[in-house]
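Shown below, as structure tokens, is a lone chain in the form predicted alone; questions about how it binds or moves come after it.
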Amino acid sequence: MSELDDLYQEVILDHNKSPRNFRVIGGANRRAEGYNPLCGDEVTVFLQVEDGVIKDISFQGSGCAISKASASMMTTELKGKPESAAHELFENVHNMLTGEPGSEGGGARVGKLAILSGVCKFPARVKCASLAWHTMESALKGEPQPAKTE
């Protein structure tokens, strides 16, 4: 196993065991639910957006280690960012996870989230890693229906 694979596993396990921002935001002004029907992962993303900036972001739910770790990493990365940056990061992460041409593992466009690029080696797990991201995007857009990964 390569050093990158080892680091990938360490990061996933750390965020799964001690997820960051795993809570409900009482004053959330945006919220969305997401569901992965293939494996049963469920997530709710809470946002406090003020003047176009994500002042606070959190999540609750249940799912596999990859799903929880991805949500945890997403919340730490997006807190304090403008909505436009969140939309752009969503696209870049999605392209990286799905192995879209030109994604090249994410690089500078996804920063520390490049560690999730290892997920694209396991196509069945891509939806686990992308669920929280689709749910966050739905919350920002104010979409009323649950986000799905299908």
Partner chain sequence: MNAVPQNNPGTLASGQFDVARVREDFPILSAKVHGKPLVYFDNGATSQKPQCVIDAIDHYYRAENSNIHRGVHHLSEQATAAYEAARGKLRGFINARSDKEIIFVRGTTEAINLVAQSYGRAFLKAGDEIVVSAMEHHSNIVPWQMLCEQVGAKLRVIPINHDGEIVMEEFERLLTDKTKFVSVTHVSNALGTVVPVKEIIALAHGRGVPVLLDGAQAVPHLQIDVQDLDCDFYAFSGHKMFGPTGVGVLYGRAELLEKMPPYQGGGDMISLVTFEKTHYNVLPYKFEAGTPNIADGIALGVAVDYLRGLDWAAVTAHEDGLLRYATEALGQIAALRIIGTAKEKAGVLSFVFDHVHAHDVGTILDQEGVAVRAGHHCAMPVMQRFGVPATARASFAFYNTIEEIDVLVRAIGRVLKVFG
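Numbering follows the first chain given and starts at 1. Predicted model, so just to flag it, every value in this text is computed and none were measured.
FYI, the form predicted in complex with the partner chain isn't displayed, but the following is about it.
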4.5 Å heavy atom contact, L13 to the partner chain in the predicted complex: yes
Wondering, does G26 line up within 4.5 Å of the partner chain in the predicted complex on heavy atoms? no
Just checking whether I66 would be counted as a contact of the partner chain in the predicted complex - the rule being heavy atoms within 4.5 angstroms. yes
In the predicted complex, does S62 come within 4.5 Å of the partner chain, counting heavy atoms only? yes
In the predicted complex, which of 78 to 86, 36 to 44, 111 to 119, 51 to 59 comes within 4.5 Å of the partner chain (heavy atoms)? 36 to 44
Residues within stretch 118 to 142 having a non-hydrogen atom within 4.5 Å of the partner chain in the predicted complex: F122, R125, C128
